Ligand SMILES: NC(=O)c1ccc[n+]([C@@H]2O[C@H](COP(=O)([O-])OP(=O)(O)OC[C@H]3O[C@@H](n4cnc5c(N)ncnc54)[C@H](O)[C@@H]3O)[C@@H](O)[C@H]2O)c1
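There is one chain below, alone, in structure tokens, taken in the form predicted alone.
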Amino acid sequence: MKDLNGKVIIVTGGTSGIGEACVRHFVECGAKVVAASIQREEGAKLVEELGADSVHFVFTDVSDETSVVSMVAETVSVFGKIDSVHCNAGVWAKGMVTDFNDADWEKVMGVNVKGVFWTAKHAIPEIEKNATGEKGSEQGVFLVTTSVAAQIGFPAHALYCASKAALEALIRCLATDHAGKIRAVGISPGTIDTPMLAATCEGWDAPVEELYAQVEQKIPVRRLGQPLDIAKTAAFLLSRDSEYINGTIVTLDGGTMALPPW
């Protein structure tokens, strides 16, 4: 378990799936966490369970710049600073490019890409206030959940794949633009057992459990990833143990991308 004692971390999309697991794990590692999402009820339950001293919920629509500004301001008001951010909020829409309209584009790109952009714009200046300089000294971390969809052309995932690929380019730019004060890193999950994964199975002929069993046999580690798998690696990337990891993407796919195409 990585030591995040005393760190203040924002997790967007922090009330379900990977985000919820990260909030829980970061608290276990000693952090103060702001869980930001549009799920008020789930956010309130997290605060009640983990304690208001450790977790604060902020209703946030990351696609709305004004909402992101409020998220950052409320974090500083409650916990006094921001050390790191984990941009994890994401949405998915099924279809080929010929299936989508402007509203679909705005929804997926608005959350997945614009949401990270606005969060970086407004959170990084606050993170930089706590960064103490170069050469291994304390630096903030801007962590982004990407996806192996940035490298794989999943059928009927055109918008989602495009959005995740954009994030990888943005991570590299953040690492160079804010060198010495911010480390920008991506964490790229493969097939993770989350509500979003279940949603991608809708409309298939087989039940979800059967589909999952088939997929598990194709993944070299022979199981689906769990949200806690991502949370543990995220905690490492937010800690000083990873202080030479910057401007790159850490892939957690159980070996999926090592498979040949037959």
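Throughout, we count residues from 1 along the sequence that is shown. The shown structure was predicted, so the numbers you read here are calculated from the model rather than taken from an experiment.
There is another form of the same protein, the form predicted in complex with the ligand; it is not shown, and what comes next is about it.
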{"property": "The ligand: the contacting residue among Val76, Val91, Ala165, Ala158 in the predicted complex [heavy atom, 4.5 Å]", "result": "Val91"}
{"property": "Listed residue (Glu28, Asp229, Glu216, Asp61) with a non-hydrogen atom within 4.5 angstroms of the ligand in the predicted complex", "result": "Asp61"}
{"property": "Joint contact, Asn5, Val55 and Thr119 to the ligand in the predicted complex, by non-hydrogen atom at 4.5 Å", "result": "no"}
{"property": "Residue stretch of 96-104, 182-190, 122-130, 168-176 approaching the ligand in the predicted complex, non-hydrogen atom distance within 4.5 Å", "result": "182-190"}
{"property": "Partner contact for Val47 in the predicted complex: the ligand, 4.5 angstroms, heavy atom", "result": "no"}
{"property": "Heavy atom of Val72 within 4.5 Å of the ligand in the predicted complex", "result": "no"}
{"property": "The ligand contact in the predicted complex: Ile18, any heavy atom under 4.5 Å", "result": "yes"}
{"property": "Partner contact for Leu211 in the predicted complex: the ligand, 4.5 angstroms, heavy atom", "result": "no"}
{"property": "Sequence-ordered list of residues in 110-130 near the ligand in the predicted complex, where near means a heavy atom within 4.5 Å", "result": "Val111"}
